[in-house]
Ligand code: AHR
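First comes one chain, alone, set out as structure tokens in the form predicted on its own.
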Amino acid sequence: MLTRRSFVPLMFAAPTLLRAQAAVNRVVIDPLRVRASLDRRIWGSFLEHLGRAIYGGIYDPGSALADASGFRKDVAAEVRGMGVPIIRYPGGNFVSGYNWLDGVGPRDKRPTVLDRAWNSIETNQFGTNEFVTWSKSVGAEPLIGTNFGTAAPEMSAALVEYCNVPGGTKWSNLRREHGYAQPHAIKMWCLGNEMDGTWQIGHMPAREYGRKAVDAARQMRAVDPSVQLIACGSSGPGQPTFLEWDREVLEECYSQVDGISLHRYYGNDTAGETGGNSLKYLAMNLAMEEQIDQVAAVCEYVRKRTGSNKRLWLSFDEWNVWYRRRGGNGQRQQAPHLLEEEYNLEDALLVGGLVNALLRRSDKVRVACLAQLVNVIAPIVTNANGLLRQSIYYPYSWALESARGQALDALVESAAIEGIPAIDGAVTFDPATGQYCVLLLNRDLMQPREATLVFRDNAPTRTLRFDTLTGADLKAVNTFADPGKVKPASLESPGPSGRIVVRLPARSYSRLLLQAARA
């Protein structure tokens, strides 16, 4: 997890065209123009041993809401209902000082240690086996990060052996001794976390990291040739070595990895690039697209230089709004309250825009993780009595529920406000069900905007639902005392046809579901 803010200049994505006059905003949709078949793992999430994400979040054995394994039943039911497809664990900065052996075996023999990443006390009562058990119970695939800070490459290979080999070897037999006869069969692995960051335990130069990644990858594949490995990319555009790090890393390890990571957090503080300007803030999703394009270009450059036929995919495995609760000092407490951001309406609108950006770049991004899932910069917050859905929960849950099948290469034409497109859109079509999902962000803070949806083929025959997230107060937040302050509302559904006019409220993010013939 990045511990410093980083911004790049705003640039406008190619799918959005500005109109000089306040003409009709238009979204041209052709189901034959497919940008990508969606990998469901683009809607993943993230859990780190940080603050109350694990202890008091998903695992709380002292709670009346916990099951016999200590897992919070309300949180598990919520995550299962959301359908989160993949969850990255155990970090984040935490992983660079983590000995996975501390978190396996009998709980009464696990050591309590000082987590140096967040200056917190780690009891190790929750570890790899508990995470795999929990994630499978909620229907999520585990994405495991390995320690590239204090650990040697052989420890990454040992963890693969512990998790994936059926038995008959040192580490697989240890897993069986711990009560897990069947292998966990974990396919996706992150090779470290933010190793370009000076804040990271074991921070190292790019070429040193790349050579270590080659060593670890070879050892891990010797244990299980089927694993998919994600190299540690730059921590973000604010890094002085941004893109240079990615190039040098890939020049060392391109042949040994399958993907490379991207991280980015967004904020609207007065000291940052937006200067507290909400309109500029709601355009920050265009900076996400620019970052994706830049890293993808580096991958292609290295591919050409090395003569490889393999194309890497991108893992945007940390993204979210985060700029208020920046302090990461746990004061040597167990499960301290850290980074518990309170999200407002404008944060939710930007998260919707970020969802749109990921859809528009889903030909490059195969995995993405909203950071994080519970309590720590998260859509879900818990207390002793239950859980709360924060404002950002809703655009994320809409993506999980409705953005399925294929991401279409829709053309969005929009009037501009101070040089920024008023309307931002993304469209999916599911050939199996014939359902369109149209996701529209209206950045106009003052006025509603109309947009015309033009279908070039397979026009919808039925409107399924039309929802919006909006409100008079951009700074409104949900609390346990008032959990419905920011929540979706239904809009009057437009009639289905090949040309549909929708009216989008000011400062809103909307979801329109339409039924057409199956492909």
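Computed from a predicted model, the values in this text were never measured in an experiment. In case it trips you up, residue 1 is the first one in the sequence shown, and so on.
We do not show the form predicted in complex with alpha-L-arabinofuranose, though everything after this point is about it.
The listed set Leu349, Ala399, Ile377, Val427 contains one residue whose heavy atoms approach alpha-L-arabinofuranose in the model of the complex to within 4.5 Å, identified as Ile377. Proximity to alpha-L-arabinofuranose in the model of the complex, defined as a heavy atom within 4.5 Å, holds among His263, Arg72, Arg175, Arg361 only for His263. Residue contact check for Tyr98: none of its heavy atoms lie within 4.5 Å of alpha-L-arabinofuranose in the model of the complex.
Of the heavy atoms in Glu341, none are within 4.5 Å of alpha-L-arabinofuranose in the model of the complex. In the model of the complex, at least one heavy atom of Asn193 sits within 4.5 Å of alpha-L-arabinofuranose. Residue contact with alpha-L-arabinofuranose in the model of the complex: Ala53 places no heavy atom within 4.5 Å of it. Heavy atoms within 4.5 Å of alpha-L-arabinofuranose in the model of the complex are found in one stretch of 217-225, 430-438, 180-188, 317-325, which is 317-325.
In the model of the complex, Trp199 is the single residue of 195-215 with at least one heavy atom within 4.5 Å of alpha-L-arabinofuranose.
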